[in-house]
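The form predicted on its own is given below as one chain in C-alpha cells.
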C-alpha cells in the first residue's frame, strides 16, 4: 500500500480539513446511485462499527424499501471505552464522512441525514458541525446533528434509531430491522462513520483501487486503536490482513512482556499471546476462528497485570451499562459481575467459579438485545484464556490499578 488512505492529507495535528482543501485534494466523487452500490459489492467493504455486515447488501435492502423517503444515520457514537478511531476521523477528516453520508442519501433517495455524534466527544461534535456549515445549501437543508448519549449501547443501530425517533437510546432485536423500518417508519441506513469515509473514497477511485490494499487475501485498510502495554498506543491505519504482531510493531512494540490480547474491545475476546500474534486484522478471517474484529480495538495485557481482575473490571462496567429492559441483562450481568468480583477481590471460590461457567452459557440468547450476549462471550473467553489464574486466584483486586 502506498501510504495512508483515510488519514492521508494534512497533518492530523493541524485539526479539521476544510471543505475547500478537501475538494482541492480529492476532487469530486465520480460514482453514485446503482454504479456505486455495484462498486461497493465488488469491493467487499463491510461495516466498521462492530457487526462487519456487507455494506452493499445493506444498501440494496434500503434501496428496495425506500420509495424516496429513506433516512441515513452517520453513526459516530463510539461508546466503546477503548476505541478512539471514529472521533479522530470526525475531528480531522469530517468531509470524508459527510461525502459518504450524502452519497448514501443521493443513492438511496433519502430525505434526511442524521449526524449521530457522541455527546462526550466535544471536539468531534465541533468539527462535524463546522464541516456541515461549509457544505452546499442543498445538503445542509436535509441534515441535522443529534447527540448520542454517553452509554455503551447507544451506538447499536436500533438504539440510534430509537434515540432519533423517541429520545431514548434503547437497543432491541425485535423486528423490523432499521433498514426495513426505522426513523419515522422509513427505511433507515445506519452506517459507521469510518465506513462512510471508505465509501467516499471508493466513489472516487473505485473498487479495484480499494482492493489494491490488503494482505493475506483481505482488502482495503482499517483503523485500529492499540491500547495497553505498547510503547506508542494510539490509532493506526493498517492494511486489512495485517497481523496483530505486525500492528503492535507499528506501535513501537510491547513495553513489557504480554500476557494476553483483547481483540475487538469489550464485546471481543481475550486471546492467549501465542495464538494472538498471528491473527490477521480481517473481519472474515477472525469470524472463521470464532472471533470478531469489532470496532478495531487491540488491547495488549502486560504480564504484570491480572487478567481476572481486568475482566472483573470490564464486566462491572458492562453490567452498569445494561439498558435494564430484561432480566438476563439487568439481573444476569449484575450477578455475573458480582461473582467475578468476589473471585478477583477475595480469591478463587469454587462455587463462584461454577456459577460463572454456568451462567455465562445460560444468559446468552435470552436478552431483549445483544448486550448480554456480547458480555458473556467476552467472559467465556476470559474463563478459557485465564483458566489457570481463575483456578487459583489470590485476593488482590485492590492491588490492580484502574
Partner chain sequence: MREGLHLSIDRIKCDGHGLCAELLPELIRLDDWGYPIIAPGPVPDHLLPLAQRAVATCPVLALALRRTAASK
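Positions refer to the first chain, counted from 1. Computed from a prediction, not measured in an experiment: that's the story for all the values here.
The same protein has a further form, the form predicted in complex with the partner chain, not shown here; the description that follows concerns it.
K.L.:
Find out whether any non-hydrogen atom of residue 327 is located within 4.5 angstroms of the partner chain in the predicted complex, and reply yes or no.
P.N.:
Yes, residue 327 is a contact residue.
K.L.:
With a 4.5 Å heavy atom cut-off, would you call residue 29 a contact of the partner chain in the predicted complex?
P.N.:
Heavy-atom contact with the partner chain at 4.5 Å: absent for residue 29.
K.L.:
Give a yes/no on whether residue 332 approaches the partner chain to within 4.5 Å in the predicted complex, heavy atoms considered.
P.N.:
Heavy-atom contact with the partner chain at 4.5 Å: present for residue 332.
K.L.:
Is residue 365 part of the interface with the partner chain in the predicted complex - any heavy atom within 4.5 Å?
P.N.:
Yes - in the predicted complex, heavy atoms of residue 365 and the partner chain come within 4.5 Å of each other.
K.L.:
Tell me which stretch of 62-70, 46-54, 352-360, 337-345 has a heavy atom within 4.5 angstroms of the partner chain in the predicted complex.
P.N.:
The contacting stretch here is 352-360.
K.L.:
Identify, from the list 228, 118, 280, 171, the residue with a heavy atom within 4.5 Å of the partner chain in the predicted complex.
P.N.:
Residue within 4.5 Å of the partner: 171.
K.L.:
Who in 239-257 is close to the partner chain in the predicted complex, meaning a heavy atom within 4.5 Å?
P.N.:
Nothing in the stretch sits within 4.5 Å of the partner.
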